[in-house]
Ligand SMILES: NC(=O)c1ccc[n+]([C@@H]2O[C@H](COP(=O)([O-])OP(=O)(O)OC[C@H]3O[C@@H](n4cnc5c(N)ncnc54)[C@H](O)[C@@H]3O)[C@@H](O)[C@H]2O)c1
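Form predicted on its own, single chain, as structure tokens, below.
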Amino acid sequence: MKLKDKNILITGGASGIGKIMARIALQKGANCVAIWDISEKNIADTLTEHQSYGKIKAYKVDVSSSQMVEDTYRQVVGELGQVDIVIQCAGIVTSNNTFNNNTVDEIDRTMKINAIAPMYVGLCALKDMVARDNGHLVTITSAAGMLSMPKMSIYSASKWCAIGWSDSVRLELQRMKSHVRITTVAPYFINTGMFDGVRSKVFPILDPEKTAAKIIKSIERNKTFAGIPFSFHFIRLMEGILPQALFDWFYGDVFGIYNVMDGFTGRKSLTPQPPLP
């Protein structure tokens, strides 16, 4: 689906690749880009930086609240008209603790924002899109949703959930012969600050600009799944072919992927997180 003249909603749109994709969408002639974010400072900065590119509106939204998602989605439709493309970028990672050292709050917050919130947003968007038989729902997940990762078990679980949900919806729409499109994106670590401290032995940390451009291209080409880098498309094939011990040795020791979180520090949050509802 081309972005020109489209109304586009981006969750997590005031930081990271969400912010970059908002700019690219405007540069490609989007009618309007609506960004949702939890940080008032990031929203203000993004509006200032992007207003020269085209029409952009911002909404402070806690995507872990189903009521806020529903109310704000209706507000966006009322103010801008139908939403043609939804890109779900909002996500968090809380620590590099092993699971036994995690907290209930980390479990709840990570699953609510990374796994359940995309369903909240998707439910609002798809009701409208299916009714008019047009639209595109994009969910940014993670390569950690295809490859089990030590010291990020909750994050991996949330991304496995998001991938399973998004691709299941794709199949539902396909069987309905709907023209609504689904794109599931699973990138490796991106250098946006969210994974500061991560050290990757073989696979390079992804450049935000290049990654955002690849995701936009995937949307324009109606790709159903985009693993970034492309080699990550083969993770599950390799896991199915290799004995588990050999797979763990290959990815864990040779590629060093099982140790990438050892030095994780993460982005220092500027905005206090609200309590979960």
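Don't overthink the numbering: it's just position in the shown sequence, from 1. All values derive from a computational prediction rather than experimental measurement.
Separately, the form predicted together with this ligand exists; it is not shown, and the next lines address it.
**Student:** Based on heavy atom distances of 4.5 Å or less, which listed stretch (75-83, 155-163, 120-128, 173-181) is in contact with this ligand in the predicted bound form?
**Tutor:** Looking at the other structure, the answer is 155-163.
**Student:** With a 4.5 Å heavy atom cut-off, would you call Gly91 a contact of this ligand in the predicted bound form?
**Tutor:** Yes, contact at 4.5 Å.
**Student:** Can you check whether Ser218 is within 4.5 Å of this ligand in the predicted bound form, heavy atom basis?
**Tutor:** Looking in the predicted bound form, residue contacts with this ligand do not include Ser218, since no heavy atom lies within 4.5 Å.
**Student:** If we define contact as a non-hydrogen atom of the residue within 4.5 angstroms of the partner, is Val63 a contact of this ligand in the predicted bound form?
**Tutor:** Contact check for Val63: yes, within 4.5 Å of this ligand in the predicted bound form.
**Student:** Is Met194 close to this ligand in the predicted bound form, meaning a heavy atom pair under 4.5 Å apart or at it?
**Tutor:** Taking the distances in the predicted bound form, the answer for Met194 is yes, it comes within 4.5 Å of this ligand.
**Student:** What residues in 168-198 sit within 4.5 Å of this ligand in the predicted bound form, counting heavy atoms only?
**Tutor:** Residues within 4.5 Å: Pro187, Tyr188, Phe189, Ile190, Thr192, Met194, Phe195.
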